[in-house]
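Single chain ahead, written as structure tokens, the form predicted alone.
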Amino acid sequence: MNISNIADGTYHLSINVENILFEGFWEIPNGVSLNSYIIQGEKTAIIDGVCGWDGVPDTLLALIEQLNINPETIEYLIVNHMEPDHSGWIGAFKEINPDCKIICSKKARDLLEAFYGMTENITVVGDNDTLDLGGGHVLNFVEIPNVHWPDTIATFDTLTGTLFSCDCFGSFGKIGSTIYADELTPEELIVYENDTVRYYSNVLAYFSPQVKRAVTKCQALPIIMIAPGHGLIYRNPSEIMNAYSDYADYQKGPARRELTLIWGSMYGMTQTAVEYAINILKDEDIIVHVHQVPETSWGTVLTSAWTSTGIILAMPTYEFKMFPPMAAMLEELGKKKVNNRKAFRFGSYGWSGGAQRDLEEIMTRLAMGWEFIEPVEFVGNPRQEDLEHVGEQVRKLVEEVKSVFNS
């Protein structure tokens, strides 16, 4: 648990959570922080309460008590959005303080009733609505819908210049020795930036157009500090806003000067060609990520694919169709809109092909817009000429990716 005074009358409360699947789906190797904020003017407000992942609010109440705040004196609950990792404590809190007023968006009001049966003491806010807490703390609300829930708002304290951005500008990764991104060592920053891309690609990627609009909207505010619902606080707000703008652009491509090789093999025949391709890539001046499916989690593969301009797919045919783990992975990449990549596919088959047909169907149905160079398929184990053909196509793809950044 962590409590920090981050600005005038403003406190950051957080816990770290690990050994869970975020949203019941995404692996988080480095955990995640759940952040809540308290603002004390003449009146007190709490923004995005945190609790144990099971919804038990004991941790939040313990943090509030450490600040010597009586929960019954908190006048406002500001719900930036209703996802249960932020709202799961509200029912228990309202039992302690039934007169507390809830501030939220119109869509969040509807979800409050659906989730928790709450219909009273709710004030709906939208763009440019304000809440005066006294002592100079005037909160301005900003609608940023579908980042990543449709009810999402951000809260801006005009006194301290702090934007409480909910899931926008967030990250995976536990909070350690510091709560500020600018205090990370260079080594820590590399790990944290990867956790941020992982968070974005796993949780927000589908909503990249909405994220882009939210970034533009927030950039118009005189922000001094960004305090998200997950991850570290940014005292250089342009750093994370620019990063999120870039991440959103990766949806349509090009992304970074990187290449991801995703592969699966049943009996080692496709794997033989994969190993040959990896040796070819070692001599190329490009960042390469290699992931085997189904052994590697979807979240890890998605993180690499999101930042890669080039994708290599290697898989066999299985029962007249694509190797099922690869088909499932491609479905997820398509649903997350990893679009307009430069790509190459190779793989083996036995009595019949079919993987290529499935690949083309997925690409068409999900409108992914990948530009493929000619595939390489081989019967059974690859012969030397098959391997050399794979090598030629790998080099060709690398050159196509590089050309994007050399033009």
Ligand SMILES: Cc1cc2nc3c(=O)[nH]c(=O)nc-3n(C[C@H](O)[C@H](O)[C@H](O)COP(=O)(O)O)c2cc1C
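Start at 1 with the first residue shown and count on from there. For clarity, every value in this text was computed on a predicted model and none was experimentally measured.
Another form, the form predicted in complex with the ligand, is not on view; read the next lines as being about it.
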{"query": "Selected contact from Ser87, Thr303, Ser208, Thr317, since only one has a non-hydrogen atom within 4.5 angstroms of the ligand in the predicted complex", "finding": "Thr317"}
{"query": "Selected contact from Ile280, Leu133, Met269, Ile122, since only one has a non-hydrogen atom within 4.5 angstroms of the ligand in the predicted complex", "finding": "Met269"}
{"query": "Contact test in the predicted complex: Gly369 vs the ligand, heavy atoms, 4.5 Å", "finding": "no"}
{"query": "The ligand contact at Gln66 in the predicted complex, heavy atom, 4.5 Å", "finding": "no"}
{"query": "Any non-hydrogen atom of Pro29 within 4.5 angstroms of the ligand in the predicted complex", "finding": "no"}
{"query": "Close approach of Asn146 to the ligand in the predicted complex, 4.5 Å, heavy atom", "finding": "no"}
{"query": "Location of the ligand contact in the predicted complex, chosen stretch of 317 to 325, 134 to 142, 88 to 96, 246 to 254 [non-hydrogen atom, 4.5 Å]", "finding": "317 to 325"}
{"query": "Partner contacts in the predicted complex for 342 to 369 (non-hydrogen atom within 4.5 angstroms of the ligand)", "finding": "Ser348, Tyr349, Gly350, Trp351, Ser352, Gly353"}
